[in-house]
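Two forms, one protein chain; structure tokens for each follow separately as structure 1 and structure 2.
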Structure 1
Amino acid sequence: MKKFWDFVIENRSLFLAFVFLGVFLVLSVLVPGFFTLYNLTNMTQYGVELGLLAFAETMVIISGGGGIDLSVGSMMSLVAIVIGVLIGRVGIPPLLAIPVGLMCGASMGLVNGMLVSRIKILPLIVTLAGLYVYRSLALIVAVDPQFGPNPMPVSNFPESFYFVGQYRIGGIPFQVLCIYLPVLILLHFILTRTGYGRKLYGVGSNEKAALFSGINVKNIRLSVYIMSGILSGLASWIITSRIASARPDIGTGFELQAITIAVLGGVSIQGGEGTVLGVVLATFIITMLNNGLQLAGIHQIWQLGALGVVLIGSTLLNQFLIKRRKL
């Protein structure tokens, strides 16, 4: 029996699968309304946005060098309000406005990546500054002169814009099947089957060894921040379509949840380690916890506390496993 549990603890994905089943069973029994088809499918809609941001954090953290992106929530807010203003106030069709929004996300990622990889400023400082700057820009762009100097949300979208966030295929949300799953498969393929993936893990594990091997460390790190901006833009498009409103504070708080999911999913904060499957399972667990606590009527203050406990617990678990491997 001891060998079995040792195997489960060593295998992060298997361990998370057990945690997922345990949380699912507890919430199904104790929380009325949790185990219903309506609630479970609605939960996946919210999980898609959080999951995409967790993928963004995963790529950045794996690249090592203290990699982290605290600005994903603010990039999400700015892309949302850019798309909203272009469609709702300027009158540009969604097919043109959405690519502009995604390019805006990629541009913010490019700025973060240039400052980290070329100027050599610490990722924590760069992305913390990005958190403030992009959030401020979102508030400025949201100002509608017709209603004075205060930022205003945008909600007058054409019916076709709601397709991505509200349409279902066989009862399953469109964004789960047509955006989240393809992104998941693509990232898993990149990390496990391509030279780029091997270089990314190499850079994260040992930067000097990667340099001596001829890997362009700067370009690898620049690329993960651009990916982070694009994934934040995708999440922004989906949430704006789902809730039928573009707000300048739409991404507030998402960054900490995304980091928690990445760490819980087994992504080493020191870089060079982590899998897409682990992050997917961690996304399910955090989404379920949020949903279950809301249905149980637990105040949001306690929900944030629970998230903090999960973050500390997952970090301690990572450290325990690292020490165990060294023995």
Structure 2
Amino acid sequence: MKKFWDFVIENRSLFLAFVFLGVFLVLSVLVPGFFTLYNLTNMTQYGVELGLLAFAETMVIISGGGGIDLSVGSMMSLVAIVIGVLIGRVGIPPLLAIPVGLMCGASMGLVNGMLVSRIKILPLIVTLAGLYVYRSLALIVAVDPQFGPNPMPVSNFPESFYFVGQYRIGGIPFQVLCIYLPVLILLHFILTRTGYGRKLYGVGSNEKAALFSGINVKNIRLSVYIMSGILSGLASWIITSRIASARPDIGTGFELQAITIAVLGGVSIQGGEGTVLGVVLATFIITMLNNGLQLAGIHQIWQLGALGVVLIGSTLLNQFLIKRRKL
């Protein structure tokens, strides 16, 4: 029996799977309306945006060197408003505007990545500055001169734009099946089966060794920030489609939630460690918790409060168990 628990502790994903089951059972028993097919499928669509941002943080944090991306929320806001303005105000068809939005996300990631990898400014500083700059740009772009100097949300989208965020295929939300799952599989494949993935872990766990073994540390670091920008763009596209409105402050606060989920999922803040599976489980746990609290009629600020408790509690428990095992 002791061996079994040691194994669970050792294996973060298994540990999270137990937490997941526990939370699932508790909510099913305590919260009426939680354990219904409608709610369970419906719930998944709320987790997609956060899940994609958590993937972004996962890649960036694994790359090490103090890697963190505080700007994902602001990148999300700017992409949302760019897509919104292009479709709603300029009148460009969504099929054209969305790639432009994603490119916009990628270029913000490129700027972050260049500053981190080429000029060697610490990620915390680069992305903190990015948080300010992109948020500010989102507000500026959102200004509609027709209605005075204030930023305005855009919500006159054509019906076709709502497809990604509001439609279902066989009862499963479109964005879960056609965006989240493919991204998940792709990232898992990249991290576990490709040379790039191995290099990424190498760069994260020991930069010097990676450098000496001929890995292009700069390009690896650059690439994760670009990926983070693209994933933020994807999340932004989905959320604007889901809530049918592009707001310049849509991503505010998302960065911290995304980091929380990545860390809960077992991504080591020191870099070089973490799996897609763990982050997916963490996303499930948090999404489920949010949903359960909402159904129970608890104010939504407690969704964040619970996030804080889960983050500290799980890390503390993990530390405690690891220590006990060492004795």
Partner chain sequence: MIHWETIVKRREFSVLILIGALVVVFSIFTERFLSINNISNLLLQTAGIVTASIGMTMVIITAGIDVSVGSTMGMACAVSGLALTAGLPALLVFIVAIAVGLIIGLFNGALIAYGEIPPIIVTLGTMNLVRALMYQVLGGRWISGIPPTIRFIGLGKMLGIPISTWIAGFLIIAFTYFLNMRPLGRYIYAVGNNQEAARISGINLKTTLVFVYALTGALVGFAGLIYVARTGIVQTNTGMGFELDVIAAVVLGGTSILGGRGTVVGSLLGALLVGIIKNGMILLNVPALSEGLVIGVLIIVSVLLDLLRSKR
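Start at 1 and count along the sequence of structure 1; that gives the residue numbers used here. In this text, the rigid core denotes the largest set of C-alpha atoms whose superposition between the two forms falls within 1.5 Å. Computed from a predicted model, the values in this text were never measured in an experiment.
- Of the two forms shown, structure 1 is the one predicted alone.
- Positional change of A306 between structures 1 and 2 reaches 2 Å or more at the C-alpha, relative to the superposed core.
- Comparing the forms between structures 1 and 2, the C-alpha position of N39 differs by 2 angstroms or more, with the core used for superposition.
- Superposition of the core reveals a Cα shift of 2 Å or more for L295 between structures 1 and 2.
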